[in-house]
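Have a look below at one chain only, the form predicted alone, in structure tokens format.
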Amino acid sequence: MEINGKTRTCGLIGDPVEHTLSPVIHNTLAASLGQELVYVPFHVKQGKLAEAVRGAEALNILGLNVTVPYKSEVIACLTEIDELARNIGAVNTLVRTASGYKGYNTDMEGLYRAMQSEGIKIAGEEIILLGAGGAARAVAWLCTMRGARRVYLLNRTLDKAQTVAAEVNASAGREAVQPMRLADYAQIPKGKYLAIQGTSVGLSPNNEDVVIADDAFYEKVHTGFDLIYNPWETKFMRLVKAHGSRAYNGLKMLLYQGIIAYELWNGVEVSEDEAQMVYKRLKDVIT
């Protein structure tokens, strides 16, 4: 693509951003759809977020993704926020408007589309969610709003899990999320669960780290979904598979949350064929 005065810019703000695969998603889509758009990562150091958002507006940047540690902090920089993102308390996509940027959260719908593509259902399920950070918070919302019967929210510190559970339960109007200390996982009733690994434990290069190593835990898991996508197979996934169950990584979540953001910025609809083409490119980069 020739870059000229008509080329629009989108990008990612976070700290760090050097590891990101988002440019693969958006630049591949732009080339496939014939759009004059480039996507680049912007390393925004802590303390500079508000300046960065104001600068992006001044530079007429079409849209931004937001990654750690700014998904909640960026809300104060916005002129509008989507209701879902407000309820979750986290924003990962900024869309240019006449008055500034409007914030959205595409993580939740991205995960849902990823799970659908793998045949994983949420409605009526008993779910174990590991972690209570920004990503896990969105997962707790997704599971509850999509009809999960119960979500056992396990976190190292109970108070953080209690805060997330209280907010989600209040909005849902039912006691769906049960906060627990991570160390108390053995108290989860016997049964078979969908387990979602929502922490950064096991992220490359710490490939052999895992939140829970006890075989007794994995005997309760019928399907494991790790939000991490690098490495391709985490230790959490290997332990799930070792107990005869299915396990998936978070690459399709990354794919679909990016596609939803691209659609918001450009007012287009990305076909499933195009989505699978981008997924193959992502997989090739990782593996």
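All of these numbers come straight from a predicted model, not from anything done at the bench. For every residue, the number given is its place in the sequence shown, counted from 1.
The next section is about a form of this same protein that is not shown, the form predicted together with a small molecule.
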query	finding
T106 within 4.5 Å of the small molecule in the predicted bound form, heavy atoms	no
The small molecule contact at R156 in the predicted bound form, heavy atom, 4.5 Å	yes
Contact flag, A132 vs the small molecule in the predicted bound form, heavy atom cut 4.5 Å	yes
L182, heavy atom within 4.5 angstroms of the small molecule in the predicted bound form	yes
Among the candidates I75, V201, I188, V95, the residue which, in the predicted bound form, approaches the small molecule to within 4.5 Å (heavy atoms)	V201
Listed residue (R113, K160, K102, R146) with a non-hydrogen atom within 4.5 angstroms of the small molecule in the predicted bound form	K160
Which of 163-171, 79-87, 124-132, 213-221 lines the interface with the small molecule in the predicted bound form (heavy atom within 4.5 Å)	124-132
